[in-house]
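Heads up, the chain below is alone and in the form predicted alone; it's given as structure tokens.
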């Protein structure tokens, strides 16, 4: 039994879970900031979108690494 067949999907699962939690926290914090300072909504939204893109990149990198490692199995 190859351990990569078990650990690779588990790694992607953990990365996706971490990204989901991070996105939820980022959006929640941004919404709270917009509620406190509505005049800064544009700046907060731009910063939130950039942060969400970086968070999503983690999951994409994990999926790419899994595909690369599955090719070596």
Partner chain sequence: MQPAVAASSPGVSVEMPRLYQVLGPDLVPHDLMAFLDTWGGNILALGALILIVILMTRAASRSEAVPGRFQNAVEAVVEVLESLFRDILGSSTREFLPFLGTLFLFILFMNLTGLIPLLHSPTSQFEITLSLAIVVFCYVQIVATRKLGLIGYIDHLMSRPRDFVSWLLAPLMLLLHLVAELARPISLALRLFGNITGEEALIAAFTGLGVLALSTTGSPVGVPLGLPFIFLGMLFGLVQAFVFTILSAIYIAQVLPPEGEDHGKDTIQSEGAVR
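Predicted, not measured: the structure shown is a model, and the values here were computed from it. Residue numbers count along the first chain shown, from 1.
What follows is about the form predicted in complex with the partner chain, which we do not show.
Is residue 50 part of the interface with the partner chain in the predicted bound form - any heavy atom within 4.5 Å?
Close contact exists here: in the predicted bound form, residue 50 approaches the partner chain to within 4.5 Å, heavy atoms only.
So in the predicted bound form, does residue 31 come within 4.5 Å of the partner chain, heavy atom to heavy atom?
No - in the predicted bound form, heavy atoms of residue 31 and the partner chain never come within 4.5 Å of each other.
Contact between residue 36 and the partner chain in the predicted bound form at 4.5 Å, heavy atoms?
Answer no; every heavy atom of residue 36 is more than 4.5 Å from the partner chain in the predicted bound form.
Using the partner position in the predicted bound form, report whether residue 27 sits within 4.5 Å of the partner chain, counting heavy atoms only.
So residue 27 does not count as contacting the partner chain.
With the partner chain taken in the predicted bound form, which residues across 38-65 come within 4.5 angstroms through any non-hydrogen atom?
Contacts from 38-65: 43, 46, 47, 49, 50, 53, 54, 56, 57, 60, 61, 64.
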